[in-house]
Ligand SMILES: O=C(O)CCC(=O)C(=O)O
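Before any questions on binding or motion, here is one chain by itself as structure tokens, the form predicted on its own.
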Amino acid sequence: MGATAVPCSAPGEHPPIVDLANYEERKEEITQQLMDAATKSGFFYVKNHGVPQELIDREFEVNKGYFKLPEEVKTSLPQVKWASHELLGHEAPNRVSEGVVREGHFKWWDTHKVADTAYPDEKLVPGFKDTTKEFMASMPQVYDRVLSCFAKGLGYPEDFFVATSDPKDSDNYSVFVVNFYPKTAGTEWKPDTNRISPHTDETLVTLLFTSPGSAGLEVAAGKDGKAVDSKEGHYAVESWHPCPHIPGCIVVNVGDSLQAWSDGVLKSNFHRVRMPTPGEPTSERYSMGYFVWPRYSDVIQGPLKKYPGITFARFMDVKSKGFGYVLSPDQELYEHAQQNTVVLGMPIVAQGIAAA
């Protein structure tokens, strides 16, 4: 029998771990565990996922080489611009008054002709491109199994999400992102400084790889009505739960697209990356996230039509213009947002966090 998925219900506990070993023989059990985790916190870990640790380690190493390149080399590559939804190449350092909190690098599959423009010359970071492509090629074996279980648990055909998430489809722009967080020692950061602000992902699911010693990734307490306040379409997060690095595991979370396709059964939960607290490592930190997207032309809507039907392209067009936008099933909130020229029930929120 595999590990039992236990919900994260108290401060200090991490999301459940689901064992994918003997997947075909244990599919019913694994489906039950994944559904349990996804309907409660929306976050979980998977182990025995099939991605070799040697490949994971190698991918971390080549990315370290990339981020050490001179700034003029990185700025010569395509530049990520969220506002216009240009998500390929180098993401310029994110700065606050005290200094840089993060920078990133975005990669697409070879399905797209411009994919290779994201990489610097091979001589500058030997093995960067080949290792990254090998790593990306190992992702479908993980998320295909997870998404098949979710399809099964939701009553869809098991292959329901297979076509829409196929990175070899030219209408699919699933993206692989590596984040670099500079060392924080020696700087007095404001108490509320985040390396990544609270947000939900736009994905079907996100696969996140963290490095040993990583700290700071946190998940909101939940959306079961006990830990949040949905008055006026806002959620007030009462507590944050840690998602620490666990050797041999991948952190997986449900995204907005899967939440909509499940009519809100599966939770696209808020998460953030905070600054280290006293006693936590202050050295450089890396994380690698594979963002599993649907096809741009597919209409995202569950059978109950709890959310407004919308193509993923249109959803991203709006969401990319404001970090923190999320889908809302609240019709009154949706209409209010429409009147304020922000579509799809994704209002800009001055206080609190937009409802999902």
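From 1 onward, residues are counted along the sequence shown. Just so it is clear, the structure is predicted and the values come from calculations on it, not from any experiment.
We do not show the form predicted in complex with the named molecule, though everything after this point is about it.
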Heavy atoms within 4.5 Å of the named molecule in the model of the complex: does Tyr296 have any? no
Please run the contact check for Arg285 against the named molecule in the model of the complex: heavy atoms, 4.5 angstroms, yes or no? yes
Does Asp201 make contact with the named molecule in the model of the complex, using a 4.5 Å heavy atom cut-off? yes
So in the model of the complex, does any heavy atom of Ile196 sit within 4.5 Å of the named molecule? yes
Considering the named molecule in the model of the complex, find the one stretch among 157-165, 260-268, 130-138, 178-186 with heavy atoms no farther than 4.5 Å from it. 178-186
Picking from Leu217, Val252, Ala220, Val146, the single residue whose non-hydrogen atoms come within 4.5 angstroms of the named molecule in the model of the complex is Leu217
Suppose contact means any heavy atom within 4.5 Å; which members of 288-314 contact the named molecule in the model of the complex? Phe291
